[in-house]
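Presented as structure tokens, the chain that follows is alone, the form predicted alone.
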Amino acid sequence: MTQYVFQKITPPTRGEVIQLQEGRVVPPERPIVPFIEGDGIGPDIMRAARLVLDEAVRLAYGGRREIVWFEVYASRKAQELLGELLPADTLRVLQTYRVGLKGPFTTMAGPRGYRSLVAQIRQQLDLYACIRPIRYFRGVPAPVRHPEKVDMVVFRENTEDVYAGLEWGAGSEEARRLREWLREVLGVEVRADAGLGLKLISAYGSRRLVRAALRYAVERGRRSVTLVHKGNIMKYTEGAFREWGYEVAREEFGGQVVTEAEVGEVYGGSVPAGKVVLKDRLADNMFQQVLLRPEEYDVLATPNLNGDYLSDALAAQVGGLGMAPGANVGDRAAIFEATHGSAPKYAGLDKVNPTSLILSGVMMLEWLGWVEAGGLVVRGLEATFEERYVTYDLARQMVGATEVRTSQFAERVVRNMGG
């Protein structure tokens, strides 16, 4: 293999780099996959996830395929080992190998202007789509009557909106100058004690996010894509997101997608066979819809802030963030991550639920095209939940559950993958 040179870390001597051909992932038989343990419970759940993923690949392909793991560093471990929170080597590795599996980070207290490490990684690698599939596993405690009706995939725009990091604190020189410009140029008065931020939603960012959601729905046989926005109030940002979404559908998916309006007006209320329906909903209404009529929604495409709120709310319906995987995907790389926090009080106790990271690993296997291995992991999880052989967070809500450690849960999933 070609040996890549980094300043402070050494790549594996075996394995190969994932390639892209015409925008499609072309995995070798033994891809090198960088991983970041994360903080707090990160090492515990990463060990569990790697065990499950390695065994799934072995079982599915009889040793013909293998993940070659490559540890890189960010957050607290990077600070301890390399003296910085996000080393340049880590970003170079993720760019070079095109993939990564990441544990949770602890939110760091920082000076004014400090940006989260996750946001920095997303921006630096242009991972514009935050993808979160949310489904129910039978036997898992949930707060709603019919969690089994929830089966949605959220495509959240990852680089724009109020998360772009363009904000200035109340009383700062930057805020004063921007406030003066607003008054003098646009005639807009802003209170002197206000913090100011910019909400950026572009045609480019919106169109590529909706394009990814529509392509996903078409390729996977999903029923619908719903644009979630607050365009009745923010007409030139979220309203524009909606309009650009419809444009992409019309211009690029004309033979595969029909609008909800067309279903009623042209097709007599029946969706044509093989077509994906494009809908849109106001964000506040969407929160009600996912509770009252979840079975009517499938893929959701949202601006950044709406998607953050909505994906967490959906996860709560199926048992919480511990059950929800996540991926940050761009055209040239993808990072798969646990969606929950680092729970530092449980660090090193081998106690917490690793399902979010394991399911994120399933997403990674599917991204590689190794769907057989991903299917084995899902089968192992389903059987383990039905046995009520679970970690403390689920055991305390289940009658007759066996409470086990993180490592024991992972071992049981592995056993159940083999039937």
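Residue positions are given as counts along the sequence shown, with the first one as 1. The structure displayed is predicted, hence computed values, not measured ones.
This next part talks about the form predicted in complex with a small molecule, which is not shown.
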Next on the checklist: Is it true that 322, 338 and 344, all three, sit within 4.5 Å of the small molecule in the predicted bound form, judged by heavy atoms?
Outcome noted: yes
Checklist entry - Heavy atoms within 4.5 Å of the small molecule in the predicted bound form: which of the stretches 83 to 91, 96 to 104, 281 to 289, 144 to 152 has them? => result 96 to 104
Checklist entry - Which of these residues, 70, 392, 367, 389, gets a heavy atom within 4.5 Å of the small molecule in the predicted bound form? => result 392
Checklist outcome for this item: With the partner omitted here, the residue among 362, 381, 46, 352 that in the predicted bound form has a heavy atom within 4.5 Å of the small molecule is 352
Next on the checklist: Within 4.5 Å, heavy atoms only: does residue 218 come near the small molecule in the predicted bound form?
Outcome noted: no
Next on the checklist: Considering non-hydrogen atoms and a 4.5 Å limit, does the small molecule approach residue 41 in the predicted bound form?
Outcome noted: yes
Checklist entry - Would residue 234 sit within 4.5 Å of the small molecule in the predicted bound form, counting heavy atoms only? => result no
Next on the checklist: Would you classify residue 118 as touching the small molecule in the predicted bound form, given a 4.5 Å non-hydrogen atom cut-off?
Outcome noted: yes
